[in-house]
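Next up is one chain by itself, shown in structure tokens, the form predicted alone.
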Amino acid sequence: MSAEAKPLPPPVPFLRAAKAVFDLSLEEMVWSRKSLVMAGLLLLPVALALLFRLVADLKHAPAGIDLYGLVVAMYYLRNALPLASLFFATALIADEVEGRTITYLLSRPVSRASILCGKFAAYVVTGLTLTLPGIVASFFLLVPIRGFAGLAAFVPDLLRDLGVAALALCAYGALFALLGVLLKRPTIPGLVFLIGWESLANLPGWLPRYTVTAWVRSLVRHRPVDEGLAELFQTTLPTGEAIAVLVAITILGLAGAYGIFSRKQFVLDQ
């Protein structure tokens, strides 16, 4: 008589499994080369702000809040955060496939939803850890260029900017997580999306509403204009609607990523 097959272990509860995946993924992300490169990218404005304060003629410099607004709106929200999201979020599952550890995860009694959510949470925490200190440091280096008088009046703008950065990380991250499970090599399509499609935010009419950039920058009060035609056609969308759209992009992006990830079969190359 053949031995009876051992019963499968009961599935780990969702929150417990997601927490375990989060802990493992966070440690991997924080100590990765990618995080080191992204830290340099996201903290670059701090180094430039320090250099500016050392060498510039501060008496004739532009208003500090204008310089800070330029850093937030044009550097972080338009360029650095989307780029960091692209390289982190597209790799949430792809890195496991490339490292041949995806079968280890999928063979455990944890749901694919907990795997995706745990990894996405680790991405958000890593992104915020690298981004928020840079924004805060830039604020306190640039805004009080001509003295600390009136600095407190701009603190609400700083807090708002930190919230907008978090929303941007979530929205872009969800889109690129979807791209990462949909395509085998998502980096180039992601760059095309950022450089090509997102530039539609500078056009007139309804086209900006179909970009993430337009909704993100509509939440920032100090919006320095771009150069060229964007100076004429920059769009400001309602605040409440912008928040709702970014939250919806995050939810739909994660739902789409889970829908694909839950059905996808991973066959590793020999």
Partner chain sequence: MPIYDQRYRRYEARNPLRELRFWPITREALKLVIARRAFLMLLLVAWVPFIARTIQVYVVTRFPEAGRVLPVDGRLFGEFLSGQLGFALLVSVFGGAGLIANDLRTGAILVYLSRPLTRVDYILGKLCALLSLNLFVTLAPALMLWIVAVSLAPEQFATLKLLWLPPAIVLHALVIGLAMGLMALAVSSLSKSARVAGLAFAGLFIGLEIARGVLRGMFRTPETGLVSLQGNLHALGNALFGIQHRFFNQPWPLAALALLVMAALSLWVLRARVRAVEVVQ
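Positions refer to the first chain, counted from 1. Source: prediction; values computed, not measured.
Beyond what is shown, the protein has a form predicted together with the partner chain; the following relates to that form.
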Exercise. Using heavy atoms and a 4.5 Å limit, would one call residue 94 a contact residue for the partner chain in the predicted bound form?
Worked result: yes
Exercise. Going by a heavy atom distance of 4.5 Å, is residue 222 a contact of the partner chain in the predicted bound form?
Worked result: no
Problem set entry | Contact of residue 39 with the partner chain in the predicted bound form (heavy atom, 4.5 Å) | no
Exercise. Are any of the heavy atoms in residue 122 no more than 4.5 Å from a heavy atom of the partner chain in the predicted bound form?
Worked result: no
Problem set entry | 209, 250 and 254 each touching the partner chain in the predicted bound form (heavy atom, 4.5 Å) | no
For this session: Name the residue from 74, 162, 117, 179 that puts a heavy atom within 4.5 Å of the partner chain in the predicted bound form.
Result: 74
Exercise. Where, among 240 to 248, 40 to 48, 201 to 209, 214 to 222, do residues come within 4.5 Å of the partner chain in the predicted bound form by heavy atom distance?
Worked result: 40 to 48
For this session: Between 68 to 84 and the partner chain in the predicted bound form, list the residues on our side with a heavy atom within 4.5 Å.
Result: 70, 71, 74, 75, 79, 80, 83
